[in-house]
Each structure stands twice: as structure tokens, then as C-alpha cells.
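Taking the form predicted on its own, here's one chain by itself in C-alpha cells.
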Amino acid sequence: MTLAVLIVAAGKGTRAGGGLAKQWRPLAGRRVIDWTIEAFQRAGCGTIMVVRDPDNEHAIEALAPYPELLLADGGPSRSESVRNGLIALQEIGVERVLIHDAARPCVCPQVIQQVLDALDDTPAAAPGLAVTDALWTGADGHVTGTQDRSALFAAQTPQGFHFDAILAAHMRHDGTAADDVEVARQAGLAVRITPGDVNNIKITRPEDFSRAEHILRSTMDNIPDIRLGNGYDVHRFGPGDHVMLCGVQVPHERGLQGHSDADVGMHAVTDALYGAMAEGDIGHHFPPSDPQWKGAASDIFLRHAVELARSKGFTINNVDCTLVCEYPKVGPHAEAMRARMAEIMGMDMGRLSIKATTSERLGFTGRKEGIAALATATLVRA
């Protein structure tokens, strides 16, 4: 299903104070709108439209770093702004749409996904929190009565809809509405309530900024630091009767040339680890101009990269290495290579892949002039 997110950001936001609409104001080192956009990007929502005031210089400045966004002009009311956005989205063939308030920057992926899942068998869904506090009615600063809360929910966004249904509802709607659920219900659409989140607050008053910042910073503290690194290495053939590949001596009619033992696979994995940490490459840590490394076993380099990663608090999540050559055949030795590399790196073999391919007799590997290796490593720091 083609999904679009429509973020409503055309309001004045005056109740939040600050002399600037709340969606453009700073929050935890960024702007409110930045956090809101990122929340949907993290949830994997690729098509995002922002409805904004095209004459607002703050809107122009805040949205400039997002060339991938679709933009629509807002109207004098929220309902009209949403309608404008929906009309603009018709051109890209949307089947489902999430409509979200820009001033809810703390929405989490789970809330978003639960709304999307509900749309599999209902035309409309929205997150809500059951009201748990006692409710009063009041006048002149005094309690005048109580209100039954048993069937009351606090509404949140994003509110999700089958696109054609909510577009038709908005086109028929006349006047204002509290939200898009009200528009949908007036059109006869059944709206399912999905679980809300107490942290999915809408910034409305000045004090809401400090609360939102606390939520965002605590969330950032819980996000693991995930690093991905790539490595690539090449060594040419020369005299010899074996090659070292991923720590295993493989018989061959020729050897590999290099300053060390020329273990092309181990070198690629080592560089992948250094790359994930932004720590340069093997040559940076073990310069080939230094004679002490001449003929050195490559596990020295790999062990250094592994120990450096651990000293920085990283766990090696997985490693994938591909050897590119016509000969020697790697398959018969692949399990021994995995076992040796896992031993050196102190990791489970189930997280380490070593495989081989040919280059279909093309290029230097196809002409049997040498061996190339590519590697990818993932590091995780909680």
C-alpha cells in the first residue's frame, strides 16, 4: 500500500508563547518540526508532506534542509490545511495516509505502527489514552459537578485513514473540526482506537517544552549507537605454495604478496572494523613503512581492531566477508576460516559469514592475478 504522512504545521501556535509558532521553536538542540519529521523517517515512512504557511520565513528556513519533503500551503483553519494537503497528495496515488500534528514531536514508532496495522481491516484508526483522572465541571473557580470518565479517551495523532475515504470526508465537511477523527465520523466512517502513549504529548503551553525535551533526551539516551563499516583489500599473486585467507593456510601453486602475510580477507575485515569506528585503516595503525610489520601475521592487526572496539564500549554484532578469486577454491576451507576468525575476534560463529565468488573471469581476479576481499562489520554500543 502507498503510504503518505501529512504533517500539519501551518498554525500560529501562540498559546505556547515565545513569540514564534511552536513548531519552529528550538527543542533539545533542534527544532520541534525536526523531531517530528525524524520520528516518521525512523518509522520507515518514506513519503512525508508538510502543510505550512508559505509566507512564514521561519517555515522556509526550517524546511530547507529537507529537499525530499512534499509541501502544501496551509489554510486559515486546521481542517482547510488538511484538505489542501490531501488534495495535493492525490497526484501521487496514495492509498493510506497518516495525519499528524507538527507539535507532537515525541511520537514513537510503536504508536505509528499500531495505527498502520489497524488500517488493514478498518478505514480509520487513531491512538487514544483512556482518561484515568476524575473529571469535574466547574464555574467561577468552584467545582459544580463530576463527569463520568468510563468511556472517555484523550485523542492523539497520527490519525490514519484510507486515503480516498478521508479525502471524500474532508471535501464534504463544512466548518471547523477538533481533529480528523471528527471529520471522519461525520462522514460515517468507523474509527478504531489504538493504544496511545503518555509521552506522545502535544506542545501547547510554555511548560510543555521542558517536558518534551525531557522525553526526547531520555529517548536518545536509550537508543543504541549502531555503526556500520566497510573494508576492501587486494593482494597480487607471487611466488609461493600457499595463501593465507582469513587465518587459514590454503595450499596453492602461488602465494600472495604484501608487506605482512597478505591475508586479504583478514585485512578487509580489520578495515571494516576500523571504518565503523572512524579510526582510519590498517596503514594508519600499522604503517607499511615500519619494518617491524614486514611479514607479520595479520591476526595482530585484527586483534588490535577488536580490542579498540571493545575499549570504546562496542560489541561486534556481525561480520560478513566475501573473497573474490578464481582460485584457490574457498568452499572447502570456509568453515575453518569462520572458526579461526571467530576465535580471534571472540565472537559466535553464527555472527560471522565468510563466502567466496568469482568475477566471471573478468578483471585482475578473473585473470588470476590476485585476490580481492570485501567485508562489512556492524558494531553496537548500548
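Computed from a predicted model, the values in this text were never measured in an experiment. Numbering starts at 1 and runs along the sequence shown.
If you look for the form predicted in complex with a small molecule, you will not find it shown, but the lines that follow are about it.
The candidate site formed by D101, D179 and K202 is fully in contact with the small molecule in the predicted complex, as each residue has a non-hydrogen atom within 4.5 angstroms of it.
Stretch 150-158 is the contacting one of 83-91, 111-119, 150-158, 238-246, since its residues have non-hydrogen atoms within 4.5 Å of the small molecule in the predicted complex. The contact residue chosen from R227, H162, R78, H173 relative to the small molecule in the predicted complex is R78, the criterion being a non-hydrogen atom within 4.5 angstroms.
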